[in-house]
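This document contains two forms of one protein chain, each encoded as structure tokens and listed individually as structure 1 and structure 2.
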Structure 1
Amino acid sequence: MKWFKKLAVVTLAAAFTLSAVTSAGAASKLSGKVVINGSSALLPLTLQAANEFKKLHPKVKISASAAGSVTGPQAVRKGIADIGACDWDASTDVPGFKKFTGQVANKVAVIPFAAVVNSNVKVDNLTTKQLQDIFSGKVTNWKDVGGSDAEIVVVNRSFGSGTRVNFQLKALKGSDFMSKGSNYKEVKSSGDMKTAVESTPNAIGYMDLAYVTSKMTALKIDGVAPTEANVINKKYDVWSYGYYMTSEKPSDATKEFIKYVQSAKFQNGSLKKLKFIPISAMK
């Protein structure tokens, strides 16, 4: 009887081993190239997912770059990218941008955005009206909104940024941005925004939570902090879905990569660690 139990254990172990080998072999057969362009807000997520996916499918080559959300669907339309990362559903019209016909929008994340200030700014909460006045250039000194007597430096994203689209629509309620002045800077990417806010005393800007560091403060808006819990509970509304735009007939490698990003393993693991919110969390 003992030998039978041992044989059963050995047989079971062998079955698991064979299953694992078979699974790995099947995964390794996937090949191809996936080119991703677009949103810099989504870039940390994309790079992490690419790193994990390539370990499972070493024959798939993935390259990712970010020059702003609008460049994603543009690159897909031109045929130079398989995935266009975008902070809005580019298959529909949004203010300032016409829809990209013939493209499919795949939700991959919930992106919380925050107004951020340099660490020397002694303000941690602004009202919607105060944000509108600051970013439009009506208010130019921190003392007018509860801070020190210092000129406010406004850092803005360039046109075509999905972060800019969402911040203007949701944090500023459609209010216009200022566009010039000695206290105005404009940057091209989320990484450039992070560097500018960190290194510029008295600066204010905005970005998704994945880029927020200890060298800056993510502001409360109307007393509500930009946290995962507040987004999920619908107390904080400055957020958007992040999308991977594709053609109507993406390659197998592209489909599998998107499927991996949407998987519970990635959504509840690396995605959350990067300060994004799983798409399943929003009801």
Structure 2
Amino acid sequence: MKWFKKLAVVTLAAAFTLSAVTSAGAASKLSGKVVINGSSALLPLTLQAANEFKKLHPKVKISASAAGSVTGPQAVRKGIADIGACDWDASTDVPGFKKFTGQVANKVAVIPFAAVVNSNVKVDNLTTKQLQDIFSGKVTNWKDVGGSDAEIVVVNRSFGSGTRVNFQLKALKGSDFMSKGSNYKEVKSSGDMKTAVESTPNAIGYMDLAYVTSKMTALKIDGVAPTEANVINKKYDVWSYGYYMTSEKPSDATKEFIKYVQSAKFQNGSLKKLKFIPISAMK
């Protein structure tokens, strides 16, 4: 009898597919589907915005997923997503990635980054030059930058991560990372970075300011502490915009969703609570 069950499921699935296709075709102004993919750093923001948006427009279906930043604009280009979240402006060239033509970048948030160390490290301030030397593997001992005599464990994000691209551009001024060594490891996500820096003595890494916890030390860079206030008054310049990439002619639901994310209500409400900085603050 199991064959019939299977058959039933397949027919059911086909029926659902059909009905979805027809309903999407007959979309009125504020119904439809918004598919979002891309940067995982922007995922909490996207999910929160989607929840609030769905309450305003119950007919709009929003599905969000995330992989890496570059997935976003790529998915938009392939037509499998309406919005591609990306940690950099994908309509321009960045180290390692070519620009995507025919796409519009919509700023949605300001993301500050911080270099962090394990709480056993006695250093709390590094110059840009020292950061460059540590992350390129030229300096391998904390005593060379004013700490105690211990080997530096460098924790890096993997090549292609949006956080890595931004940290390289803004904090290291474009200088190269090391790629091997017995005290060097790469991690997959902000959460893994957090766990690695928290639990590995003498470790240094970097992450979005929002992920910094009390169990680690956020370093001052050239004497400036990574705080929201310092970002807004432009003393601390290791930050970047988060972008929603869309095609040149997005659907109405997509436009409306981006408008909602950029609205003062969302920017000063939920976005702030998620520890991003509103885009209006940088003008």
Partner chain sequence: MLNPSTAGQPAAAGELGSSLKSRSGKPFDRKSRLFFTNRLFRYICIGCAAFVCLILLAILGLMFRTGILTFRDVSLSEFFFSAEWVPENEQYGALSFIFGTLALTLLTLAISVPISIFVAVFLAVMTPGWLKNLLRPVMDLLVGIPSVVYGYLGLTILIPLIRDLTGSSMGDGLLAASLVLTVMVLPTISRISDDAISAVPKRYVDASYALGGTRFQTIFKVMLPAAKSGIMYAVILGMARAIGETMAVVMVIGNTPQLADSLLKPTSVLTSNIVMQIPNVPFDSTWNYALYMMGFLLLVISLLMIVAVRLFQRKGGRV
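Here, residue number means position along structure 1's sequence, counting from 1. Computed from a predicted model, the values in this text were never measured in an experiment. Take the two forms, superpose them, and find the largest set of C-alpha atoms that agree within 1.5 Å; that set is the rigid core.
The form predicted on its own is structure 1, not structure 2.
In the core-superposed comparison between structure 1 and structure 2, the C-alpha atom of residue 178 has shifted by less than 2 angstroms.
Remark: with the core as the superposition reference, the CA shift of residue 132 between structure 1 and structure 2 stays below 2 Å.
Core-superposed comparison between structure 1 and structure 2: the C-alpha position of residue 121 differs by no less than 2 Å. The Cα position of residue 147 changes by 2.6 Å between structure 1 and structure 2 once both are aligned on the rigid core.
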